[in-house]
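What follows are structure tokens for two forms of the same protein chain, given separately as structure 1 and structure 2.
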Structure 1
């Protein structure tokens, strides 16, 4: 197995999906051991650090990569198995940003009241206890919350020569901000350009479904990934397989269109796995799907459709790729 260790310098960060030269050329079957910076590039370290003074917009959500996968061609399926995610700093940060978030007016949802105040929270990491500490600023309340690491951004280069901001989720993946993107899952992405040119980043030490205020517990991350390639079969939307669930992530605005996209591609996936026509798939998804939110704050919203494997006949999506990668990960 080829192993690549890569910790980018700030000058090597990617800020878009597409439009960036690859940092590495790798073969299918490669193990990547990466470091990713947090969404704020480490600039929010204290509750007195405010986004308006500390951040250099639009240079947020730095990506590690992109990686050119040899043999990947448009129409293929890239398989990324998240072996491990480990906090790389002793603290994470979250913040409210004026005109950004799910429960505030924005420049597009224009309202007469003033924006919500700008504020920063710092979460101390306790690696021994596996927790991050929430500390309220209006009272003396503190809470230990379990660390639940995830990647906010996983994506490939878009089609047609596009370059899309690392703040945007779409059919190519990107800033989906779904808690489903966690250790032990395999993410399937449709390849749009030669080499796929995938990048990852935006580590979250934990995040609730929806990412209400717009920022999770943002933190730098040690990321271990197994990379593989499936010829053909590129899905319309990002798909995620775990030991327990099949999941599709759709991204759009309004939110119901993001949900619809995830539902429709899940119906397609059932057709691929079991030969169900669209109407049978529609009926089955209606009765067994779970629909957690991913984000309701980004340039596009993201919604998940999940089906529990226990309610489905045994199947091996993508010729048992997830099972194979899980076995390789266990052997590590």
Structure 2
């Protein structure tokens, strides 16, 4: 098994999907052991570090990569299996960025009200207990919250010559900010350009569904990935398979369109797996889908459609790619 270890220097960070030369050329089957900086480039370390003074907008969400996957061509399916995510710092940070977030006016939901104040929360990591600590600032409340590591950003280069900010989620993946992107899952992404040119970043030590204020418990991450390639079959939207769920992530505005995109692609997937026509698929997702939100704060909103495998007949999508990658991961 090819193994690539890579910790980018700040000069090597990528800030877009597309428009960036690959950091590495890898073969399908490669194991990647990566380090990703946090969305703030590690600059928020104390509650007194505020975005307007500490961040260099729009240079947030630095990406590790992109990786050129040999043999990947438009129309193919990139499979990224998240073997492990381990916090790489002893603290995570969250903050409110003026005119960014789900419960504030923004540059687009353009309103005349004053912005919310900038405020930063630091979450100490307790590795032994597997928790981060929320410390309120208006009271003395503290809460231990389980670490639930995930990647906010996983994506390939977009189609049609576009280059998109690492803050944007769309059909190419990107900043979906979904808690579904966690250890043990396989993410399937449609390839748009030769080599796929995928990158990852934006680790979260934990995040609620919706990422209300716009920033999770952001933290640098050790990321272990298995990379594989399926010829053809590129899905319309990012798909995620775990041992328990089939999931599709849609990203758009308004939020109902993000959800619709995820639903329609899931109905397509049901057709591929079980031969159900669209009406039967529509009926089945109506009764069994779980629909947790991913983010309602980014340039596009993201929503998930999840189907529990226990309610479905056995199936091994993409020629049992997920099962195979799970086994490879277990053997590491």
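It should be emphasised that the depicted structure is a prediction, and the values quoted were computed from it without experimental measurement. Positions refer to the first chain, counted from 1. Residues that one form lacks are left out of the comparison. If you superpose the two forms and keep the largest set of C-alpha atoms that fall within 1.5 Å, you have the rigid core.
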* Looking at both, which one would you say is the form predicted in complex with a further copy of the same chain? -> 2
* To do: Rigid core superposed, please list the runs of 3+ consecutive shared residues whose C-alphas all move by 2 Å or more between structure 1 and structure 2.
  => 110 to 113
